[in-house]
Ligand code: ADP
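What follows is a single chain, given as structure tokens, in the form predicted on its own.
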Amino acid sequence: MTVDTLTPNAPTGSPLLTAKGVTKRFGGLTAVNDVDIHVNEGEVIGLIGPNGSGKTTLFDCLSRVQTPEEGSVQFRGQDITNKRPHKVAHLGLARTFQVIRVYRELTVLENLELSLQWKNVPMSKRMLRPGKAVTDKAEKLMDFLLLTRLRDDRAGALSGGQRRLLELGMSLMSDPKLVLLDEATSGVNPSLVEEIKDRIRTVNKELGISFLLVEHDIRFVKDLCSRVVVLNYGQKLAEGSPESIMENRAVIEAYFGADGDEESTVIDDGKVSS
């Protein structure tokens, strides 16, 4: 199935997002401490770590929901460290959240249409009924995401997995260059996890859209990602291929404690829950 409703981003492998020395504190707590991370065009990168390791806070800094105290973030060659979130979105950086954010009282179609309304549309016209081109794009995305039969259903009535697919569709409506996915499989029925994985893979391969994803399902990460970054206590613990990360003693100990031996096979089975 193709997604030719979007504008292809040719994967060139050149730097897309580069963050250096990112540090974020909340009072006396350092949530993210001197973290470097980069995503190249066309890549799917995993960001993993135990609960409280700073993954979502790092996402917040990269997408400019939070302002880092130290460090810099560049996206598509521009310094976005102090830009407002909507300005970053205009540059092509889309973001989903750990807690699903959809307009629960609106239909699936309306959610998709509304998610594009900010792009190149004056503020005075953003709440007007979108044109045919927007609706057509939303219709084709619904088909791609297996949501067509739910077109006129309220988003609040969807299952967790269906809302995750809708949220992914909302992020794709604006033709992003990079999507930050925060726990795409959280609360999702296992039968839909494979569908989400397949849609991410297709969008990446056919359109060259890059993904940086926070995920606890290690099998999901292994199947999609070429590279994995591991955080622990707000610092980068390891970086490498999924295979090397799963065999990394420090990573195993971070998830399962100093003994690690008995549980180390669990990470290979993709059953990490933290």
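So that there is no doubt, residue numbering starts at 1 and follows the sequence shown. Given the structure is predicted, the values throughout are model-derived calculations rather than measurements.
Another form, the form predicted in complex with adenosine-5'-diphosphate, is not on view; read the next lines as being about it.
*Asks:* Could you confirm whether S63 comes within 4.5 Å of adenosine-5'-diphosphate in the predicted bound form, counting heavy atoms only?
*Replies:* Judged by the heavy-atom cut-off of 4.5 Å, S63 is well away from adenosine-5'-diphosphate in the predicted bound form.
*Asks:* Looking at the partner-bound form in the predicted bound form, is P50 within 4.5 Å of adenosine-5'-diphosphate by any heavy atom?
*Replies:* Yes, contact at 4.5 Å.
*Asks:* Does A31 reach adenosine-5'-diphosphate in the predicted bound form, with heavy atoms at most 4.5 Å apart?
*Replies:* It does: once adenosine-5'-diphosphate is placed as it appears in the predicted bound form, A31 has a heavy atom within 4.5 Å of it.
*Asks:* Picking from 245-253, 50-58, 37-45, 204-212, which part of the chain touches adenosine-5'-diphosphate in the predicted bound form when contact means heavy atoms within 4.5 Å?
*Replies:* Partner-contacting stretch among the options: 50-58.
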